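Next up: the same protein chain in two forms, each one alone, written as structure tokens (structure 1, then structure 2).
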Structure 1
Amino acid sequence: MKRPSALHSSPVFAELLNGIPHGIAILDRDLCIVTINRFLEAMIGHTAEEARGVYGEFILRANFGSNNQPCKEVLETGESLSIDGNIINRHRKKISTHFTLSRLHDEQEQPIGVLIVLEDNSVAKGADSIGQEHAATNEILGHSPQMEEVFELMSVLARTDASVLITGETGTGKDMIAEALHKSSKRARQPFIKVNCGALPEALLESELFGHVKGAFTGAVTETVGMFRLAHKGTIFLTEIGDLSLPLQVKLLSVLDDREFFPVGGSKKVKVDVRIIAATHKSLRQEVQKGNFREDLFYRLNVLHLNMPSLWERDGDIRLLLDHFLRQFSEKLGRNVTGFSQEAIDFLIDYHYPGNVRELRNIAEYSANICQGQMVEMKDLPQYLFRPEKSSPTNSASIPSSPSPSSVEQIQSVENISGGWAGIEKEMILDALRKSGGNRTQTANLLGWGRTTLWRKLKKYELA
């Protein structure tokens, strides 16, 4: 058998490694990287060129043993090892991984290196399309009618290869939806690459997306393949697509149309087979009208559309999520926090959650850390929740931007309403009922609530 350093340069061998749907790393006798395949490039965020010659532990940041001890053991004994663990990639994401380590030897049976196969466990858990779909959607919690509609649409979107645009407020879970769509698709065993279009300046983002050739600009001492090439055969997720600059929008449109592009400073086009999922909290239609977003790109991205409802619109999901996250953080901290007191639950169910699920999760984490007993009391909740402008569910998001004369009169006479915020809320419900002629669906829409929330409020104020 050839030495690993000679073997990796063979085009046939490289193509063979790239055809394996798992991460592959070959280390030499000094446990330095000889080569990695394309799938592992996508997992860790480093290219084979960047990794070559680097000590394996610095590239494969795994938790299966310090100082590459398992690799040393395999190299010495020749016995293969199979280990479950995780790796931390370049973007600081922890990936649950199954490692298989085997010794490589020459024709005289002398050890010359180690072969490491890394299997992404999040993909392995969904071996068939039905199993993948089930596993992916089970990671996203919700039993409200609004989320049932999302799950139903996801099952359709996962079976196609068209571009998807995911919209919704910040914190609604657009990232999880994008990854679930990938895991439920035929590309599930291929890379899923996430790029935040609002996190980098235009010049750096172009290089991050499309790569650059050596010498393309000052500091470009090596070639970089870019995220589109790392996502080849898989999915690229462009979050905050509304922040993409107009010049990069043109280049992205070209990729969508032709499936090829020029790396920065390059003169040779690169072809890619990539599914694009984009997400934004902005209204791209409004951005098009303002001249900030290209209309033709909007329509190419918006082939399929999924809108994530805000948490306040998800009837009944608040209690489900509060219990889930509290149990999760309680177990993680080794605490015995079993739930929320009735007073705390009533308060949290009525809270508006401008930060959506992300904010709710943070509240549960804070409570699990602060609570000294078995039940989370009001004193264990974050103090910012009790500020009047935050604690009232009838904040600016729920009040019409152009109030009617009766609404203006109501707001001007707040001091005369007994019962504080409860009195104000009751008056707003009565006002909305009058406007809708008693139609509860229209009343809920006027107030910005779901029907379940309105029903609960009607019972609370004895208006039902």
Structure 2
Amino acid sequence: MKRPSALHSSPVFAELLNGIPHGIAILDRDLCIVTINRFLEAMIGHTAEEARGVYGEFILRANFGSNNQPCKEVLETGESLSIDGNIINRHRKKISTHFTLSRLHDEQEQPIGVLIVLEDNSVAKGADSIGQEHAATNEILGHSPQMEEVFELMSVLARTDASVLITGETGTGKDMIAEALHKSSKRARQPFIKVNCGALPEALLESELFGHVKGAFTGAVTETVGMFRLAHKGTIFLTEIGDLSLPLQVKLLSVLDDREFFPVGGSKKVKVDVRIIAATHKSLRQEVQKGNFREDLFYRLNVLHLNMPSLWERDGDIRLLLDHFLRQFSEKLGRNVTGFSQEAIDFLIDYHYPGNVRELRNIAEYSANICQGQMVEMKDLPQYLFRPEKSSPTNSASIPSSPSPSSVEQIQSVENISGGWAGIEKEMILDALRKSGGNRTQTANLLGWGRTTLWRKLKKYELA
């Protein structure tokens, strides 16, 4: 007991301890801290002065056995122990640590205390754990502040059991987020069932979700349990929830409220314990206003809301994702494509990615396949990137097959008129009439139509 104190009082001994690149704690026979070195001070967040005299376990906050059992064992038997574990420091950080416990003796070989060496394994394990985490989160990449926010919110959402609504444009990774949420929740070991509400007709979807009993309808030769029962104790992920029909929305609402339902054709209620994660690319609030989505279901699902930012909003992530996917596909294809040329990368960074990460991934895959050299050049990028974008499918589909040059100008000038093609056409006719001073033959020529067509259109739009 006296010996370690005497040793501690020697400045040489203190310096010696401080020179060791691991955490060192010296405990007396009562397992109270005699001293700790500077490395351990940094590791645990307590100074040696604060720690001195305090029961070792309270300061170290290690997970090796309760009530300092290993230290007692070492003190009794004199045999050194090596344990892998962790500590939680004052700054709330869990540090993976390798502990080595040895007994200290005096000159008469009498035990006087315990020496604990704490090796910080987090650096070595960091790479592994990051890898595992990424596997668990399906490699959701992103360093942008927007994605940092998403990751931060995800860690909070994973801890709760409430329903989550994930919104975001197509290709932003809503499915991945849902799966990652499930994997990091306490339901992780239970099933994760994904149902696309937009992929099946209403009748089929009801049976798919809630199951049916034998003979419930023609062709129901066997009983089906349904996705809700399959996801029991786990998570059900309802993607494209905005496409769910109104009658099914009612049934889903009752499941959310009561946690029980009747299978199709069944007379016995089924109880389920399921966490619901829903996703949609539509604005549910607008759908509610339009009457396509039930307001009560919207509020029931929207307990926790996570919005995925579109790719163009994610500062600096485009480059990161391009490099990641190119490397991934290059390895997969056995190619030696190392990166993008400056011109190609500048072009790709400026591109606005309407299809978000999914589109970016496809561009990287295309480039890795097409590129013959080491660097992806402009010629190796998909050609559609260089074509001017059409304003909207509706407008482009309705453009006359061979319009005259003047009518093309007119079409371009009226493209942004609201009211669909009918509105645009009416505006075109009025414009042409104005230009021709009301002369119908000239108007018809300007539009590239016959006089009869013009007359018919004028009647249609009540311009005659």
Partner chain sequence: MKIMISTRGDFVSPRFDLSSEVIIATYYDQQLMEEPRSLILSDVSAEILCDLALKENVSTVICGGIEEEHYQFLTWKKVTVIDAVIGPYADVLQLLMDNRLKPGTILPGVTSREVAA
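Please note that residue numbering is based on structure 1, beginning with 1 at the start of its sequence. Being a predicted model, the structure only gives us computed values, none of them experimental. Superpose the two forms; the largest set of C-alphas matching within 1.5 Å is the rigid core.
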Subject >> Chain form predicted on its own: structure number out of two >> reply: 1
Subject >> Core-superposed comparison between the two structures, H352 Cα displacement 2 Å or beyond >> reply: no
Original post:
With both forms fit on the core, is the shift of the CA atom of E152 between the two structures 2 Å or larger?
Top reply: no
Subject >> Large Cα shift (2 Å or above) at F293 between the two structures, core-fitted >> reply: no
**OP:** Let me know the CA shift of T100 between the two structures in Å, rounded to one decimal, core fitted.
**Re:** 35.1
